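In the form predicted on its own, a lone chain appears below as structure tokens.
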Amino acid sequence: MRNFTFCNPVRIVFGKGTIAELGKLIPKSAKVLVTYGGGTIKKIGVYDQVKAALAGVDWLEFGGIEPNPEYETLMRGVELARQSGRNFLLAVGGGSVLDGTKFMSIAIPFQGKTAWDLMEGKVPIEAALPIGCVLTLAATGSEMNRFSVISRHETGQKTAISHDKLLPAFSILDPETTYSLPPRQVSNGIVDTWMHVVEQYLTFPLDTPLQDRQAEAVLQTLLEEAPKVLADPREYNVRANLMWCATMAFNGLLSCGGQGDYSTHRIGHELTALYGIDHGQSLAVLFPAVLRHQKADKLTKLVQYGRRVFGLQGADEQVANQAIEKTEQFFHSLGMKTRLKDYNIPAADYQKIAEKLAPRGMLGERQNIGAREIVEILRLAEG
């Protein structure tokens, strides 16, 4: 196992009724900006719970953060926070709201000319406002990780950053807040969680047996719980298990001593930025194609994945092929489509997609996926 450093000081407050604990978690002297998305939190009662819990706290609100948070929108929130002297941010919603709020936390104290420079790594991240989170959707793991993904419509970019200052101070996870999610969002969240696990796990052997089995446990739990949540969306224990899977999938624990392959996510971000398809939908389309393209390099772990996660038997080559088919079948069971043709993405655009990614360097755990390979993967995903 390789050397690594793991530090994750996020305080997790998990369970029903935990939104009421906000008053204990936010400093009494804080001037809070509450951020949220399109207003769903008001329809499902979460807004009223937050409002009650913030009694006696100086707070303002900023809504309208998109499912793929837009830089232009977030900068309006940054200006509001600066003008009103806010010094604490509280994200109430799913991973997109939290990702957008993370960006705001570093943009508000930023003294430079263009805050987007922080996203592109042109300037260092030196300061950030503290963030709290009330999570309403299990998917991204942003509630316990150091990542943020932001879009910029005017340039057609969707960019991810990672920094310790983006870790929330605390995250409240009440599974009951997820009851009203439509099936499409639930399926997107399960696929995103699955992908966070396999992109850390399905690479090449690095003598990390504990991390491998932790990853396999999350995947097997998703296989068990996914059909239950689709059959009964208001089953608390199922919602709780899925929420905890999403948090454990991408908080850094599974990647300790490992080597990740985030090519599916990276290419998927471009599909979302260019064509507006859901993030989870892009992952379901691309991942089987990535596995088929990279099967030889991933064979050992792909066979392990097939045997341990899906219980497959037989010769290695057979198990590897069946594992890819089983993965695709699982996505189909969630109502997800797995072909680019299902989203009317033209083959004529494949080269353009590849060229947008090329300047950022080679992808894959072996750094063997460049522009040519991206086009090949897209052709395999075409259908």
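Throughout, we count residues from 1 along the sequence that is shown. Small disclaimer: the values here were computed from a predicted structure and weren't measured.
One more form of this protein exists, namely the form predicted together with a small molecule; it is left out here, but the text below deals with it.
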| query | finding |
| --- | --- |
| One stretch from 118-126, 228-236, 77-85, 188-196 that, in the predicted bound form, holds residues within 4.5 Å of the small molecule by heavy atom | 188-196 |
| In the predicted bound form, Ile324 touching the small molecule (heavy atom, 4.5 Å) | no |
| Exercise: Thr101 in contact with the small molecule in the predicted bound form, heavy atom 4.5 Å | no |
| Proximity of Trp244 to the small molecule in the predicted bound form, heavy atoms at 4.5 Å | no |
| Ala139: touches the small molecule in the predicted bound form, heavy atom cutoff 4.5 angstroms | yes |
| Interface residue in the predicted bound form among Asn145, Ser263, Ser105, Gln294, criterion: non-hydrogen atom within 4.5 angstroms of the small molecule | Asn145 |
| Residue (of Ser171, Gln200, Thr178, Gln281) lying close to the small molecule in the predicted bound form, criterion heavy atoms within 4.5 Å | Thr178 |
| Triplet Pro288, Gly306 and Gln329 all within 4.5 Å of the small molecule in the predicted bound form via a heavy atom | no |
